[in-house]
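Shown next are two forms of a single protein chain, provided one at a time as structure tokens under the names structure 1 and structure 2.
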Structure 1
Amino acid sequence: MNILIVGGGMGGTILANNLARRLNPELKSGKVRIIMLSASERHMYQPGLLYVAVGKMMPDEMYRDQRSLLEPTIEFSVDPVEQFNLDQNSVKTKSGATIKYDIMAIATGSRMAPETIPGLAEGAETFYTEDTAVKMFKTLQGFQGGKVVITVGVPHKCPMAPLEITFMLNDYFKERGIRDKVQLHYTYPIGRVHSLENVAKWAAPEFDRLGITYETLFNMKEVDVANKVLRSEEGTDTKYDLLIAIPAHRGMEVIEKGGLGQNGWIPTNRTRLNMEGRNNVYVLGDTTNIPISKAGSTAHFEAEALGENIAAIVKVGTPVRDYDGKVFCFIQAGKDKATYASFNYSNPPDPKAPSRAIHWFKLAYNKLYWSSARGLL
């Protein structure tokens, strides 16, 4: 029996390791194979991009060798899928190989799509890839003062990133001694500064305290690069000297082009995590269309539920539990305090007061990312 995992990021790696442990006897006896196809031999710790963008981390610190994160029983190849043939239970890869599967899990992630807003790719700095984060840092270094506008598209991965980059920019300009020459202006798509109500309630007064201005109900429409003006769908506009964007995201092109889901989001059953209409294809991480945070923790909890279920399908022919929509995220509340929010489909988040202890735990957890990918946490 072939279990094919497409994508070697957060979701795919945790799922593969989880399955390799649960199915160790079946792997040893040759009854089961776990095959992982990915697009890179390296695994990126994506939160590191925030630090690269402000010069606090070097790009090479974000990576580990993907093979080193995987159980030895997993057959790993860097050979991205170029075509999904769901009716034939197979995929075609870049090298030209056809790989058959009995069960497939897709975790190809998401990518920013600045090209969807006129002028954005030319006019804005972004930091969701290594190259753009390095470029943003170089631009920041040359910036001597003026109005910095931070703007956010929908959907995007990592709901905390807009607030985090804004607070990090505040610190960056302070450290350079030019904070008084910089106006920081934050825009956000909905009617408060963050989607989680309690986070917004904490962040807005924090913005006021730090002298960060903001405009809510602001959805990017176009960037007038020549005049340095950002216009919104709501009919307002804002001038900028430096524009920093978290553009709207899409799933991978191979998903979109193959007709698996509009904009690359695959219609996914929210509790069973199977692709709608397919009972041997599962989806996890950013590329689902489930209306929850596109975050590593989402991919992690989905991978745990799927690991249990796919192993049970192999062993007894049926899944054993539902995914309950669990998401957990740390929220940095200034330099040395943090809190967290944990929620699922039926229980809203109820963040506790920020504390130093949670801040230290968050820092430790960052370092523990690699253990978590290995499935040891």
Structure 2
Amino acid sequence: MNILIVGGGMGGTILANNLARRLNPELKSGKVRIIMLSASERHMYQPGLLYVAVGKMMPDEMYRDQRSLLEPTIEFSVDPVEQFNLDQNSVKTKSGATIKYDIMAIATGSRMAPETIPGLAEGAETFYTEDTAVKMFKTLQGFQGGKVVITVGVPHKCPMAPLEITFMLNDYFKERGIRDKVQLHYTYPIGRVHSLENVAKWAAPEFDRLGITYETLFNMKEVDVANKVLRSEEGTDTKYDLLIAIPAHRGMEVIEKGGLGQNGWIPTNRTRLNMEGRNNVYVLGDTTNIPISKAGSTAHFEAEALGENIAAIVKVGTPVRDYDGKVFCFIQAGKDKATYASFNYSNPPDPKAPSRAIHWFKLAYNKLYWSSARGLL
């Protein structure tokens, strides 16, 4: 039996390692093969991009060799899929190879799409790639004061990123001694400062306390780069001296062009995580269209549920559990304080007051991530 995992990010890596341990006897006997196809030989710790953008982490600290994170029984190739042939239970790769599967898990991730808003790519700084995070930091270094607008499109990767970058910018300018010369202004597309109601109820008073202004029901329409004006679909204008954007995201192009899902999001059963209409194709992480957070922890918990289920299918012919929508997100609330949001399909988050202890736990997780990716945490 061939188990094919497409994508070597957080979800794909944890799932592959989980399966390799659960199916060790079947792998040794040759009954099962686990094949991973990735677009890169390097694995990036994506939450590190926030820290790169404010000079708290160097880019090379975010990477490990992907092969080093995988159990030795996993067959790993840097040969990204270019075509999915679901009716034939096969994929075609960049090298021209055709790979057959009995079970496939798709974990191809997502990409920011600033080009969907006129002027946004040219007029705003972002932090969702290494290059843009480094560029943002260099821009911040040269910034001497004025109005900084943080604007948010949806959906986007990491639900807490807009809040975190806002708090981190507040600290960055304080550390440089120019916070009194900077107006921080935050916009959000719905009628509160975050999509999760309890998170919004916690964050808005924090913004007020720090002197951060905000405008809700602000959906980006266009950026007038020449005049430094951000316009909304609702008809309001916001001038800026520096624009920081969390652009809307889309699924990867191979998914979008292959017609597997609108905007690259694959229709996915929210408890079994199979692709709708396909019993042997599973989806996890950012690639799903499930309306929950596109976060590393989401991929982590989905991978654990899928690992248990796929192993059970191999061993006894049926899955054994449901994914309950579990998500856990740290929220950096300043240079020495953090809180967290933990929730699932049935229970909304209830963030507690930020503390130094949670901040240190978040920093520790930055180091423990690599053990987590190997499925050891």
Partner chain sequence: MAEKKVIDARGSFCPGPLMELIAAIKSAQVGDELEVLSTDQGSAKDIPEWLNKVGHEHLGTTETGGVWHVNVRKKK
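Residue numbering: structure 1 sequence, from 1. Each form is matched to the other, and the largest set of C-alpha atoms that superpose within 1.5 Å is called the rigid core. From a predicted model like this one, the values you see are computed outputs, not experimental measurements.
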Structure number, where the criterion is the form predicted alone: 2
Shift of Pro319 between structures 1 and 2 at or above 2 Å (CA, core fit): no
Yes/no, Asp350 Cα shift of 2 Å or more between structures 1 and 2 with rigid core fixed: yes
Displaced residue check between structures 1 and 2: His359, CA, 2 Å or over, core reference: yes
